[in-house]
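One chain is shown next in structure tokens, namely the form predicted alone.
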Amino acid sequence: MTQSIASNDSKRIWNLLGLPFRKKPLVGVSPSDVVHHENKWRLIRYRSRPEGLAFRTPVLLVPSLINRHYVLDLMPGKSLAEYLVAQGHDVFVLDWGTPENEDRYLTFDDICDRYLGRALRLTSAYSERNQAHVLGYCMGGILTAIHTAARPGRVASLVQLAAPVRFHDDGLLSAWMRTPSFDVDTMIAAYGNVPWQLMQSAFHLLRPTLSLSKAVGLLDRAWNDEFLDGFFALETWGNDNVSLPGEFFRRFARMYRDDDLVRNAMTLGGDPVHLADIRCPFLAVTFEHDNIVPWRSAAEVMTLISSEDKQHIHLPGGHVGAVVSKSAARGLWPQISGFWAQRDR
């Protein structure tokens, strides 16, 4: 026992001294191909296992626009996409790309209706039933819920992963977004696109001590090479942020201010958006310690949709860690895969 502790201490010191020279972990490396590319966004299809597919209905993963898509394919062993492929699913992911100055005029309808709709249509084309299972994560889940409510035809089932529907909640993001002094129009007029630095700073302020907590955890577990690889992979993703198109954000911010998704005051392409129009098989996943999306604001969707086949999974953990952790590989991922497997036809 004493020898093991001493060995860990020695390895910890050695690894800490070597941090500046440590090789960066590779992220987003599951074999894949771009099957569609338009403006800045891409539809990526992960290569299936050699023995072929086990299921007939493809899967479309829709991440947030704020962060890179590879959080769902972080690194070998911590990749939801890798796991789903290994189970025999035909897996696609929507990579939103990096908006440039000319994208400041992209509207909410452009992204939620046109881009997401086209990605879903292209994914569905790989299925005889012309449908796909859809998973929306965080902001991606807001978009998939709205799109499914207004355009349900190609959605075989919907998984909402830490995705809010009620925005008047007790979270700090909600309080900040609804502050009268937060002048969205002036910010967009000044910047065009919402700078990623501004959004990243806001997320850091949600947990001001997070950086210190990470440092303590790093010192405590620096002896563990597997931990270090995962830590720096997640840090790579967490610091690889993108700006948001200004016009899109103008409409998105209004959801926080007016809470119009639960008030049935949303439209998509001129058509009304009512969550009660969601009738497909449905799975909501929430996390107890999610400081970005208070779990109750995400769980409320269960009372608003009309799906008879619906489930709610509530798990410990936070907004990101609970999605890419070892516990996710043992619990959450198999439950998501099983949900789709039971509804494959």
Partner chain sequence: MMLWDLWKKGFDAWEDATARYLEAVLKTSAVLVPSGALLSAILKLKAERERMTAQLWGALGLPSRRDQERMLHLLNQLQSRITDLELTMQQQRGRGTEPERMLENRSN
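What you see is a predicted model, and the numbers here were worked out from it, not measured in a lab. Numbering follows the first chain given and starts at 1.
Here the subject shifts to the form predicted in complex with the partner chain, a form of this protein not shown in this document.
In the predicted complex, the residue from W196, F203, Y126, F232 that sits within 4.5 Å of the partner chain by heavy atoms: The option sitting close enough to the partner is Y126.
Heavy atom within 4.5 Å of the partner chain in the predicted complex - residue from A265, L172, V242, A86: It is L172.
Based on heavy atom distances of 4.5 Å or less, which listed stretch (157-165, 112-120, 268-276, 72-80) is in contact with the partner chain in the predicted complex? In short, 112-120.
Does the partner chain come within 4.5 Å of a heavy atom in each of K40, D183 and A189 in the predicted complex? Checked in the predicted complex: all three residues contact the partner chain.
Could you tell me if R296 has a non-hydrogen atom within 4.5 Å of the partner chain in the predicted complex? Output for R296 is no: heavy atoms all beyond 4.5 Å of the partner chain.
Tell me, yes or no, whether L228 is in contact with the partner chain in the predicted complex, where a contact means a heavy atom of each within 4.5 Å. Judged by the heavy-atom cut-off of 4.5 Å, L228 is well away from the partner chain in the predicted complex.
H312 versus the partner chain, in the predicted complex: is there a non-hydrogen atom within 4.5 Å? No, H312 is distant from the partner.
Can you check whether R104 is within 4.5 Å of the partner chain in the predicted complex, heavy atom basis? The answer is yes: R104 has a heavy atom within 4.5 Å of the partner chain.
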